[in-house]
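Given as structure tokens, the chain that follows is alone and in the form predicted on its own.
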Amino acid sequence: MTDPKSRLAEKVGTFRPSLTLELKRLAAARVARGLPVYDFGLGETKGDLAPHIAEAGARAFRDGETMYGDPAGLSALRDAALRWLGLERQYAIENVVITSGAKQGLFNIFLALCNPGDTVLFDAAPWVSYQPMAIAADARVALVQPSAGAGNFLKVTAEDLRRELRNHPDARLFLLNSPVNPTSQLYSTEELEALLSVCVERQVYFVLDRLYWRLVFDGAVFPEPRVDEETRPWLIQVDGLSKNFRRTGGIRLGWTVAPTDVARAMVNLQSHYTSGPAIPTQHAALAGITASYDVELRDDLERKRNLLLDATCNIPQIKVWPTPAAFYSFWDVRACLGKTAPDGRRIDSSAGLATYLLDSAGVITAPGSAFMQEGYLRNSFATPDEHIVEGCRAVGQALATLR
């Protein structure tokens, strides 16, 4: 009899379905059973979709804008993406590729740049889908870990990157998410410049996933990477609609700004496997990024950040990281590991702790192990206020019972 494993590619067996989408399923399942749920799991903006975004998509359907389009995306949207990012003087629309979400943009990059066996470098706590996408593109993955005792909350430095480039001379790119999912850290202009300079020097692509760039708190602004003749051949930026607007994750629309040859290769790829994003969703995105940006979402998330910090300050078993951007609170829960729950289970991992909090308190969190950092929990505060207050209270009560 044929071994069932041989029916699938070996690489498919190395990764699981998206954890973040599984967290959404768990929340829906508990609600359907009438069980309490405090959802800190999925990183998804809530609230009402802006009427002008909804109307633009609906109008495109009414007007019959449903035929095949340019696989690179609508020219108007490509131009608008440059203006949205403030890059209209540094690039032309030939450098912009519209994708079915930022995920496809990242996957296009791996496919376009990596030969089988090439290495891609990620920062110390990469988002859950980076590794599966790289593996699907037949690349190898290595993490750039911060030096021991650096005390910078997993931020990596130019020296850390140099070290890993020496260890992996076949590295093709370094991918950095800033603001960071899961930690909510924000790399400064100086930190970005140092990392970018190393990549330019070594002729390795610097890929900046800036999906949360409008959600920067405390009066700060997003630190922009340097774009000039020196950096442009090696700099790629990825962005999209899903995080900086309310209720837009399912529209699945992203964009990538890249060197001309890379952009051309990406267009060639998606002309064969998606033919480009749906035209009505492109019109919806165009309406979103050409309107004056409403900072209401940012301000509301900053308020929720403060609410969560107040709610967690009385939980002695956890240490909460600074949260200057995005909408995640990263908790150091290593003090909870090795303890025993009232039902006798031993909490040996962040996944075990997340399961315990779900079973005992209805609190949904994302274990740090999903982001290659054991001993932490990621918590999205893009959730109703009552989930924040009552959920943190439930966490404190559940952790207090560990022995």
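None of the values given here were measured: they were computed from a predicted structure. Residue indices: 1-based, along the sequence shown.
As for the form predicted in complex with a small molecule, it is not shown, yet the points below apply to it.
Every member of the trio Tyr130, Asn177 and Asn181 reaches the small molecule in the model of the complex with some non-hydrogen atom inside 4.5 Å. The contact residue chosen from Ser242, Thr281, Gln270, Asn95 relative to the small molecule in the model of the complex is Ser242, the criterion being a non-hydrogen atom within 4.5 angstroms.
When you look in the model of the complex, the only residue of Leu211, Ala72, Ile236, Leu121 with a non-hydrogen atom within 4.5 Å of the small molecule is Leu211. Interface residue remark: Gly101 is counted as part of the site for the small molecule in the model of the complex, having a heavy atom within 4.5 Å.
The small molecule is not shown here, and in the model of the complex it never comes within 4.5 Å of any heavy atom of Met266. Among residues of the shown chain, Arg252 is one whose heavy atoms approach the small molecule to within 4.5 Å in the model of the complex. In the model of the complex, the small molecule lies farther than 4.5 Å from every heavy atom of Leu196. Note that among 83-91, 242-250, 198-206, 185-193, the stretch whose heavy atoms approach the small molecule to within 4.5 Å in the model of the complex is 242-250.
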